[in-house]
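Just one chain is shown here, as structure tokens, and it is the form predicted alone.
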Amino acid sequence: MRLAPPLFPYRRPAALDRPGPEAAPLVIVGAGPVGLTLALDLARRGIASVLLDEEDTVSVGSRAICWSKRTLEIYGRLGLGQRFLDKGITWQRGRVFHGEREAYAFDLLPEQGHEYPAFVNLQQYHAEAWLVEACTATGLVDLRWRQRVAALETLPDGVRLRVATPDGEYQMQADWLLACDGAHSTLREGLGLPFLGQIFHDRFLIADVRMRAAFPTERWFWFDPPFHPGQSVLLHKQPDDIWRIDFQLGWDADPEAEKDPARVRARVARMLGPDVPFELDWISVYTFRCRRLERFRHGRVFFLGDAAHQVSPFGARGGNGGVQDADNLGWKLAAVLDGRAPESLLDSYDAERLPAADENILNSSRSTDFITPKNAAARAYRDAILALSATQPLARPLVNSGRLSRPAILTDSPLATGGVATAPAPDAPVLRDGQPDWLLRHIGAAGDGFTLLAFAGPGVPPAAAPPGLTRVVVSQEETPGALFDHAGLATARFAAGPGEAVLLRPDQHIAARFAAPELAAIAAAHAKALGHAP
């Protein structure tokens, strides 16, 4: 059986024994992956935070399990990437079945030369435990367990909170409040903020099953399988011999009755056959939701993750989208709190993450419509596509069992210069002083986190960087201190030749490109990316 989850200690808050509200510059509510990632990101930038959570342990059940390449790169920057690789199940291939026939197969990362794979499967509780450990080690995250926000009041210069604990209530005055308290956010409810979007009339059963099975390490999805006729099923492998199985139930299913262990065992046994022993590890029932808040910033309050937006789980866009929210907001808050950027920089959180959420919701909604047709005509279309996919390659890309998570590419970010598309920088293998290395390990780690990636080649020196801006040189030949692009992949993926340069933000996103770099132009792009008016 799985080891008992860790219990984190409750500490009586000193504020209970003092008059007046406790002052806290920055408060995060919710110690799930999003809140913990944001706290760790801020701590890595030297920013302290108070993190409140009403529980005292990690999440129950696997929950978010598919961690995308971009999210793994973020955790690599935060010092946890290798743990995900060592413990997680790496996969990049998926198969879709219609009945007993394979309808479609895909490879999510056919090219080589990346430090991280397309996806790693890992139970959410492992990620949370590692994040708690890392946050604690920084000494900058005040983790307060069994402390719940009972009420909040927004102020012109912050937020007043009433916090309930086992020993009573105290008040806290926060300059900034970051709501990472999940799909049932009490902070969102406290501010009376409605969701925009839709709830789909279907339910799915999650069964975490412990077994030793011969299934390959791939994502398998069935439409109308013989063991669950008329519905769909998803199978994923996780560490520790745990397999995640999602059974479509239909809208009329009784959620409580479907969670009965005997009923779940019967479903799993029909799928696996009578000779495969297994144990149930966790059971849950969920409903598709594709919706978001109208805005994520409300004065000094910011919403992230499921507190801000929700999508159906097919496509792994929920947890990954939330971690990427934290990645986007962390460096901006640090720049404002350090006095390096105006408060208006924080408006770009909405400008960049609202389109990203809309992209996730669009893809998730389309997947849900395909998996759960709304009417007979939609079902006939779906079934025709599945039938054609057996012999017609053109039909196979139309098979939609979940368009899997990819980072948003923003073509109109207010922080970009020259109409450049704001997207995560691609990784590439390099050599540094003869030793194998990865390009992204050198981006966003020094100074204020901005990096000028300067490309050099035979007879063409790298561009200079303005004072205070970190420069990383990528060379087509071995040069001391430079990153040697021995395979040519860095040059190809950035489409940048010798003498050119790319400005990268602290979140490793592209901010500007320079075919003929000049110090004044680079400095101006740096200032714009920090929210300073041109």
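None of these values were measured; they are calculated from a predicted model. Start at 1 with the first residue shown and count on from there.
The following text describes the form predicted together with a small molecule, which does not appear among the structures shown.
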Checklist entry - Pick from Val27, Ala501, Ile65, Leu38: which residue has any heavy atom within 4.5 angstroms of the small molecule in the model of the complex? => result Ile65
Checklist outcome for this item: If we test each of Gly81, Gly158, Gly402, Gly318 for a heavy atom within 4.5 Å of the small molecule in the model of the complex, the one that passes is Gly318
Checklist entry - Leu177, Asn328 and Glu352: each with a heavy atom within 4.5 Å of the small molecule in the model of the complex? => result no
Checklist entry - For the chain shown here without its partner, which stretch in 472-480, 505-513, 30-38, 490-498 has non-hydrogen atoms within 4.5 angstroms of the small molecule in the model of the complex? => result 30-38
Next on the checklist: Please determine whether Arg267 contacts the small molecule in the model of the complex, using a 4.5 Å cut-off between heavy atoms.
Outcome noted: no
Item to check | in the model of the complex, Val50 touching the small molecule (heavy atom, 4.5 Å) | outcome: no
Next on the checklist: Would you classify Val141 as touching the small molecule in the model of the complex, given a 4.5 Å non-hydrogen atom cut-off?
Outcome noted: no
Checklist entry - Applying a 4.5 Å heavy atom distance criterion, does Ile206 contact the small molecule in the model of the complex? => result yes
